[in-house]
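Given next are two forms of a protein chain, the same chain in both, each as structure tokens and marked structure 1 or structure 2.
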Structure 1
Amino acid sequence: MTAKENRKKRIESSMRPGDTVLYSPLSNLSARNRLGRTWQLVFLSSTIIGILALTALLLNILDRSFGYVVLHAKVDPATFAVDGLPLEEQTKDQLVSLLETELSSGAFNKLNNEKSFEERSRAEVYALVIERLVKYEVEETWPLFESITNSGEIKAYAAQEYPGDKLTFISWLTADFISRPQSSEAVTAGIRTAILGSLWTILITILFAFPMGVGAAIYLEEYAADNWMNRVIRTNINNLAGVPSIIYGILGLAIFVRVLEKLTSGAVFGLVDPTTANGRTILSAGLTLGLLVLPVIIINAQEAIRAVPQSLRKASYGLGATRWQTVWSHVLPNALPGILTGTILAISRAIGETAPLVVVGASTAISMDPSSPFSKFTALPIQIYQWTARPQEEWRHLAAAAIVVLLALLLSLNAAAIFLRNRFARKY
């Protein structure tokens, strides 16, 4: 009889009915530990999968922001050569006179009015010649990794399929891409209009949601008694935070675009042409996003205000300050970093919101920069959505470049929030 069997007998004889063995030398400890290690690996890899997904997402966007393209010139640049001098080597004056002769005088004057040709640099004029006269079109594109690993084959393929066309390696994300307005050609399309639209919209959102949100948080934390009315308000704010964003879009469409059309189109102020004005403006979009982020701002601001120690308030009251004096001079200054952090996070959510803006704005092709809250607009996420929805690859490359800009914007906002939190965080 082995020692193990001996032990088993001893333990079994000492057990009463109903007893369970949680750990005994008999239950297979090493197997249990092995199981434990296996599952630990499973748990860890689940976490890793999340991180891998993030990596794949970012790499995918990077992959499509650069790569080879075949460009087809509508007009062969060689036809613009002067005395055998190719386009690239011509002087600025030669290029300007070329534009003058080739473009209609109206189009030429319009360009001159936007920015006179004396002020434009040679590079700018050259870009204009390419854009207006040569008119490159995208024939085919390749993503970055394929361009790197397979460049020989791509070159051979392009030479065979598109003889006479230009195969170049480009970055879809360029300074020009950010500063150009939207266009119907992928090569000349940019996101200036969309960025400005986003900034205008967010400005309205902040102007509306920040005071409203902080006000509500102050009311709930400093003034509200614990009665049914205030409980209803609290519950309601929590529920609003969970309403899908598209519902806010529909609400914005019904209230701001339609019912308040006179106000949101600017007709009340006589600022716009009443025959063409409608409520699908920056103001409507900003207010809609304001409603959307309001609960988030309130909840964050409430937490920041709650973190201010009670002793500060008591000291202030003890010196005879009124409730508002206490709030304004003691509670708010101490809660402000927390409130701002929460607001920035809410705003970065608003910048990325697409669905409500599509429902409210619905502008398909806007190439005019917004100039007032009553302008028609497009926004960065809407632009990304529209480009992604097009079946041609080149637009998806542009969408990837626009996503890089959007993510950079969000990253800097979040960095600002973290900086604020670390810089001003106080421990009581």
Structure 2
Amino acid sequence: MTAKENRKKRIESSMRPGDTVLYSPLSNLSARNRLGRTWQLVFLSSTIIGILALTALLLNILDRSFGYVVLHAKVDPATFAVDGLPLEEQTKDQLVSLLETELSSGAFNKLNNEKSFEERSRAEVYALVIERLVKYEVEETWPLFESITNSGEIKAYAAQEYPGDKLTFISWLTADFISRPQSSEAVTAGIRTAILGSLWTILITILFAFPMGVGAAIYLEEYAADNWMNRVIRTNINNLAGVPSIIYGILGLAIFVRVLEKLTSGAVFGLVDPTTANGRTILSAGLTLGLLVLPVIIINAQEAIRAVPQSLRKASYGLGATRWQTVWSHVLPNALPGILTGTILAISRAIGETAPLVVVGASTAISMDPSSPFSKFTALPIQIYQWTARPQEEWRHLAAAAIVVLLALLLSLNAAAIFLRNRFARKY
């Protein structure tokens, strides 16, 4: 029997009925320390696993954004040289003249009607020449890691299997890729139309969801009585935050695309023919995403308003301020960092949504930039989904490059959330 057990037995033998033994907190200190170190190791392992998973995801995306590619030109670019100048060195006017000469009048006029050549940049016209005249085709591609480690073997393989074709190391993520519109050819495809569609959609989402969400939070926290009806409203808002996004897409299709078609298509303002009105526009998409993030904004705003100390409200009332003056001058300024942070994080979720946009009617192939809330549109998530669904490997490289752009937009929004939180933060 150990000394500890002997001591415990002596104590118990000397006890009288009704006595209680009080053990020292130090008696099991080593066991508690071991338990604490075990949980610390579990938490550290969880963090490391999360970092490794995120790193693997980013490396996989970057691996597909660069690499060797074999390009086959259906028409030799040298045949389009003008006065000894290759296509790369020709001016915009020379490239437009080349298109007018080589294309049929109908095809040239269609391009001009979509967007006049005077409004197009040289890069856009050059992309049209490559797409419509040279017609580069991607024969085979290699990811970045393989291109670096097996460069010699890839060059030998390409020279043997694709004689006369062009083997080049390219970055699928370039400034031209961001500035070019969609195209049916991978070499000339871009995401400008998708980026503009996403920005238009998110702008409408913010304009719709932010004031409504903050207003609802102010009412529920500062004005609403604690009765059964308001408790039901709060419960339903919490439940709506967990509804799958596809349900909001169906709701948007029923309300904004069909019931409010005259409004969302612009027909009520005389912008389109009422007989051909179509509600599958940016406005419908933005309002649908607004409904999606509205419960999240309301909940975050409620928590931020609830965190404002009651002493500020009582001090304001003590000086004779009305409830609205107290909310406007004291509650909102102090709750603003939390409200803005929650709103931007909700918008970050909206910018990556795909299912609601598919249901509402986002286009999968469109080359016209959106010019108003009533324009047809596509978005970056839709573009990425469409490219990854294609069987050709080159489209997956383009999808990886588009994912990098989408991640950059999301990180920018998160950085803005941190900046706003620190900018408007107040210490009590």
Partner chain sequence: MAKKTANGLKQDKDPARPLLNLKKRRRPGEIVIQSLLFFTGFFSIFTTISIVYELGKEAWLFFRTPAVNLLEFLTGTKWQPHIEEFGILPLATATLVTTAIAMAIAIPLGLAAAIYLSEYASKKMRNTLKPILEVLAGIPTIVYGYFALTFVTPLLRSVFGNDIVEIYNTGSAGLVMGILILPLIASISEDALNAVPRALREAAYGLGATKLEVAVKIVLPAALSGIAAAVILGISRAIGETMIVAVAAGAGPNFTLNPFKAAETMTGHIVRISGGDLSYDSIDYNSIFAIGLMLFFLTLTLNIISQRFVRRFREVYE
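When a residue number appears, read it as a position in the sequence of structure 1, where counting begins at 1. What we label the rigid core is the largest C-alpha set whose atoms superpose within 1.5 Å from one form to the other. All values reported here derive from a predicted model rather than from experimental measurement.
(Q) Just verifying the output here: the form predicted in complex with its partner chain should be either structure 1 or structure 2. Which one is it? (A) That would be structure 1, which is the form predicted in complex with its partner chain.
**Q.** CA of Glu303, rigid core aligned, shift of 2 Å or more between structures 1 and 2
**A.** Shift of 2 Å or more: no.
Q) Is there a C-alpha shift of 2 Å or more at Arg180 between structures 1 and 2 once the rigid core is superposed? A) For Arg180, whose C-alpha is compared between structures 1 and 2 after core superposition, the shift is less than 2 Å.
Q. Arg120: CA shift of at least 2 Å between structures 1 and 2 after core fit?
A. Shift at Arg120: 2 Å or more after core fit.
Q: On a rigid core superposition, how far has the CA of Ile49 moved between structures 1 and 2, in Å, if you could check?
A: Ile49 is displaced by 3.3 Å at its C-alpha.
(Q) Once the core is aligned, what is the C-alpha displacement of Val96 between structures 1 and 2? Give it in Å to one decimal. (A) Taking the core as reference, the C-alpha of Val96 is shifted 7.4 Å.
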